[in-house]
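So this first bit is one chain, no partners, the form predicted on its own, shown in structure tokens.
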């Protein structure tokens, strides 16, 4: 295992130079890998300091390389960063060549402090941190180059790999360049903002409405006031384009290979989109009569209007992607046939079946017992629904909220939501919970169904038991346990369980070479998305289980990247970006304890909601988005928290 010779990361100094006891800190203790690909990791230089693993590494040369990368990334919005880092880079180059002077060393230190204290964004504010650490703790190495023979430099060869990140960008599973697209809105460059999003996905309008925005949890404004409303800014640029004009999508030349995609959900759509951009001929096989997967049949239109989803699907099709609807893999065409007819296959099938509750009577086929996924699918496809006047929805996630809020819009007089834990433990987004309450959903917390009660084959009531919170379970949450003697009956016409989803992968035959885990999920490499069968890739729900839209989008992007690599070279290996991401994963791009040096108290712009009495009348969109002026004000709140990381191998 690799040892840490020196580290100043997160301001904790660990100096083990000269220590031969073997008790040095392991690289793994800092969550760092020993190597990147086939090369030994020698040092890491970034926004929070230095980590040196190889005692022979040339710190001066590495620091110089770091500032050369900073110069490439500096945007020029402020003079200290653009000019100052350039001055530092040039003087470090002179020092590294053995042509530097004591004045150069003093200037580098002076400029480092100046850039750190006066730059307007995080790139400039953090770039000098490892330099100043190096000057303090590796002063002899710098001095030796100044005092040494002129014109001489270390002849040791290094590979320098760099990556730009930001806490929000890294928090986004798809790594959309959030500071850039928000910054474009700040500059009123709305088309450039949308183009930045579309580098990763066509589904800007979809994500601008239904993304669970993990990026906002990583926003450094959390420590000052409130996170930037990143999702609403994304929606704004999509809405601006749609209201002003239609984006002209031009089909790219198709000089690549024939590729099949299973499933037209967010993972499949994004994989197809990226593959089409790379010149491949893509055909999607979709079991449903519509595109979008769970976006189309699992999310009610009051949250995601169908015209938004359909418009973005049409733009993907304009790139030359063909979608074959009503084509169920394993029935209409087999996976083995896809492997024979196409150079590569991506499996992006979703989880379209409801998980069992494990209560008495749920498997008896009673009228009035409708699994949540089926209920939402029938609703979305316009199939007839007869759920009566009183219903019980079981669950505490977003799907449960969708089921309950949809029932309100169907005119159900009493909608009960049963959840076995406390409100604080509900996995649903807080806004969804609050809006459900406003619309009249009755919440029964710490309540669990135990039996479906029927009369003449029709649901009559549901028997429930009160729960209390006991010791923490494997998830870290306190385990709900039944309260003895607390059983009661709730009269309802329909019970809708929404406690989870499962997938059906019977189409994955033994001859396909694709492995399915004991948990009923397809096994695929978490980085390259390649399965055990060469040329077959998988991602999204098929691999992760029920996941978010943005996780599915990210999987589609990753799969397309490595499918293209496979199609052009016949093999798959992690690229430089993903190798660097594992370092950021270990070090962490966001520190919730850090207080940014920026003005606090800037109010977050809220998306206007339709009035409660108006929205429960039908399935019109509830959120109305940000106005032009509100979007500009919200974009102004972004701190532009770019950070650079350099790895030395």
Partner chain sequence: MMVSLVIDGQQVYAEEGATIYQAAKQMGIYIPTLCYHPRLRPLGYCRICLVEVEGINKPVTSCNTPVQEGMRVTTDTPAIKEQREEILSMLLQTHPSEECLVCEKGGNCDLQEQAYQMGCQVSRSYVLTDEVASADENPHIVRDPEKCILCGRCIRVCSEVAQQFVFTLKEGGMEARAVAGTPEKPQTLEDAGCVFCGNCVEVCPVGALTEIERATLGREWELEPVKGICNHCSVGCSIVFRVKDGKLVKINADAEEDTFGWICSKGKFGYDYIKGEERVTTPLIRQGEKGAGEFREASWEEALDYVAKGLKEIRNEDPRALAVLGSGRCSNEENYLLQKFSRGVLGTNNLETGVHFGMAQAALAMEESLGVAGSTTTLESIRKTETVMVIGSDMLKNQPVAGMRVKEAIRYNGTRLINVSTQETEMDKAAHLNLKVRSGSDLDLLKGMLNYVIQEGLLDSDYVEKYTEGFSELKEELKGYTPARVKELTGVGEEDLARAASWLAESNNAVVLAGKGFVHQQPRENTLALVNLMLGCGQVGREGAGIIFIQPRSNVQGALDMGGIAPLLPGYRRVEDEGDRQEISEKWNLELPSWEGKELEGIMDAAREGEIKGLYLVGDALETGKYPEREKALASLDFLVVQELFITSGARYADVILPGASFAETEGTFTNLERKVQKDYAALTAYQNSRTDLEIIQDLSRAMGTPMKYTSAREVTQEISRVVPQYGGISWERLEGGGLFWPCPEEGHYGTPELCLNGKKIRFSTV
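Positions refer to the first chain, counted from 1. On a predicted model such as this, the values are computed, not experimentally measured, just so you know.
Just so it is clear, the following notes concern the form predicted in complex with its partner chain, a form of the same protein that is not shown.
Trainee: So in the model of the complex, does any heavy atom of residue 506 sit within 4.5 Å of its partner chain?
Mentor: Residue 506 lies outside the contact set for its partner chain.
Trainee: Would you classify residue 430 as touching its partner chain in the model of the complex, given a 4.5 Å non-hydrogen atom cut-off?
Mentor: No.
Trainee: Using a 4.5 Å heavy atom cut-off, state whether residue 188 contacts its partner chain in the model of the complex.
Mentor: Result yes; residue 188 sits at the interface with its partner chain in the model of the complex.
Trainee: May I ask you to state whether residue 361 is within 4.5 Å of its partner chain in the model of the complex, using heavy atom distances?
Mentor: Although its partner chain is absent here, residue 361 would stay clear of it in the model of the complex, with no heavy atoms inside 4.5 Å.
Trainee: Find the only residue in 424, 307, 117, 491 having a heavy atom within 4.5 Å of its partner chain in the model of the complex.
Mentor: By the 4.5 Å heavy-atom cutoff, the listed residue in contact is 117.
Trainee: Identify, from the list 616, 598, 610, 584, the residue with a heavy atom within 4.5 Å of its partner chain in the model of the complex.
Mentor: Comparing distances to its partner chain in the model of the complex, the residue within 4.5 Å is 598.
Trainee: If we take heavy atoms and a 4.5 Å cut-off, which stretch out of 79 to 87, 201 to 209, 561 to 569, 278 to 286 is in contact with its partner chain in the model of the complex?
Mentor: Among the listed stretches, the partner-contacting one is 79 to 87.
Trainee: Taking heavy atoms and a 4.5 Å limit, what residues of 628 to 642 are near its partner chain in the model of the complex?
Mentor: Residues within 4.5 Å: 628, 629, 632, 636.
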